[in-house]
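Here we start with a single chain on its own, the form predicted on its own, put down as structure tokens.
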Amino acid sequence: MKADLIVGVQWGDEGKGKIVDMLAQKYDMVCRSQGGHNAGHTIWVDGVRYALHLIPSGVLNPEAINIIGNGVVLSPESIIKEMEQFENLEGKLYISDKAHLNLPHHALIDQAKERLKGDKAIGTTGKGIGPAYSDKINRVGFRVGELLDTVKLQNSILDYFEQNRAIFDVLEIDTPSADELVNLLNDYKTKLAPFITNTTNMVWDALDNNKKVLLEGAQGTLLDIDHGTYPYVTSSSTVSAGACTGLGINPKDIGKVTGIVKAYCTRVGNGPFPSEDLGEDGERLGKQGHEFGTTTGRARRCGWFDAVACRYSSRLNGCDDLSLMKLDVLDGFDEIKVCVAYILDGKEIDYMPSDLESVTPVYKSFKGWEKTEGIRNWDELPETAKIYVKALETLTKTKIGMISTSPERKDTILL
């Protein structure tokens, strides 16, 4: 059996949570491959809101096993708080012993460095994701499995502070006391030890035994450390290939790849955004789409669908189809724009360059529609909405297999 994969193809916040939640009802195992608690999935089920940052979206399927893979940087405080939304997760949730710890000092480093950058700040969430990944790459990080021996881990962390004393002094970050640190680590261990295991073997066993496995990541393709709008990116590989390293599986284990995309575009933080609308339409998209970050509460930047960027992401991820989210947010617009090309150095191009800062968008306009909210059948969509969806298929060179018309699980059109 091969594992199916869900991937965001914009700048994150595409609505992966709803789709993974829907699909997870049919899967035996749902796995998170990378990122940290800077990501956020909001899922609405029967009017109840669930905010997930680290726990896979399959947690709402009572039959599914949920895996947090080795590619994740795990904040113990965040996941412990998140787990409190659910009664009992033992036997349902497992955390890789090879995942790296995102500890309180990582967030302090993150915030201090953003302050020092001033107006050149990347616009991170300040959750410590970058510093945690930096420590991992520098081979000075701490793995989740080390929580099982808190005395040894405490000494290692204090040694780490001592070795980096000059840096911490400049950033005005205090060293925790030994007592404070061991108490904190013991609390983490008590609450998380039952969930820590070798998840790679679990995923292998599931695939070998023909279990249905679903993979999900965090953020979106355009925030990928290699293929996104560097340096305004996250610190991990957000593309489909990153799921392999983040869970310990090989490319031959990947089955269907579904890309998640909004019917318009949003971005959080700084960085290039060619189709951003800084006028009334952009403001209206934000209001109608309730575009505020699940993790930070920050207002998202809003703009029109970028078909050039989406086509790039679809090819990069090998998307078999796209799930088009939030079509209903476009309800009531007289005119809807789509970026179909860029102008770079006076020439029109139909590809995404490495330097996205220097391009201006070329738009094609579509006639709007009155209402799609809550529609669950393709035939019931307004004709102008159908034309828009079909145009996106052509422009992105990827078929659309699913359309979401509200945050509710059931308000979805399957094509």
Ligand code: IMO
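When you see a residue number, it is the position in the sequence shown, counting from 1. Since the model is a prediction, treat every value here as computed from it, not as a measurement.
Heads up, the form predicted in complex with 6-O-phosphoryl inosine monophosphate (IMO) isn't pictured, but that's what we're talking about next.
> Of these, Leu322, Ile129, Cys310, Leu103, which has a heavy atom no more than 4.5 Å from 6-O-phosphoryl inosine monophosphate (IMO) in the model of the complex?
Of Leu322, Ile129, Cys310, Leu103, the residue with a heavy atom within 4.5 Å of 6-O-phosphoryl inosine monophosphate (IMO) in the model of the complex is Ile129.
> Of Thr258, Ser75, Ser240, Thr234, which residue is found within 4.5 angstroms of 6-O-phosphoryl inosine monophosphate (IMO) in the model of the complex when only non-hydrogen atoms are counted?
By the 4.5 Å heavy-atom cutoff, the listed residue in contact is Thr234.
> Pick from 64-72, 381-389, 350-358, 35-43: which stretch has a heavy atom within 4.5 Å of 6-O-phosphoryl inosine monophosphate (IMO) in the model of the complex?
Within 4.5 Å of the partner lies stretch 35-43.
> In the model of the complex, is there a heavy atom of 6-O-phosphoryl inosine monophosphate (IMO) that lies within 4.5 Å of any heavy atom of Val338, even though the partner is absent here?
Answer no; every heavy atom of Val338 is more than 4.5 Å from 6-O-phosphoryl inosine monophosphate (IMO) in the model of the complex.
> Looking at the partner-bound form in the model of the complex, is Thr221 within 4.5 Å of 6-O-phosphoryl inosine monophosphate (IMO) by any heavy atom?
Output for Thr221 is no: heavy atoms all beyond 4.5 Å of 6-O-phosphoryl inosine monophosphate (IMO).
> Please tell me whether any heavy atom belonging to Val268 falls inside 4.5 Å of a heavy atom of 6-O-phosphoryl inosine monophosphate (IMO), as the geometry stands in the model of the complex.
Judged by the heavy-atom cut-off of 4.5 Å, Val268 is in contact with 6-O-phosphoryl inosine monophosphate (IMO) in the model of the complex.
> Just to confirm, Asp21 within 4.5 Å of 6-O-phosphoryl inosine monophosphate (IMO) in the model of the complex by heavy atoms?
Because no heavy atom of Asp21 falls inside 4.5 Å of 6-O-phosphoryl inosine monophosphate (IMO) in the model of the complex, the answer is no.
> Would all three of Gly12, Thr124 and Arg298 be in contact with 6-O-phosphoryl inosine monophosphate (IMO) in the model of the complex, where contact means some heavy atom lies within 4.5 Å?
Spot residues vs 6-O-phosphoryl inosine monophosphate (IMO): full contact, yes.
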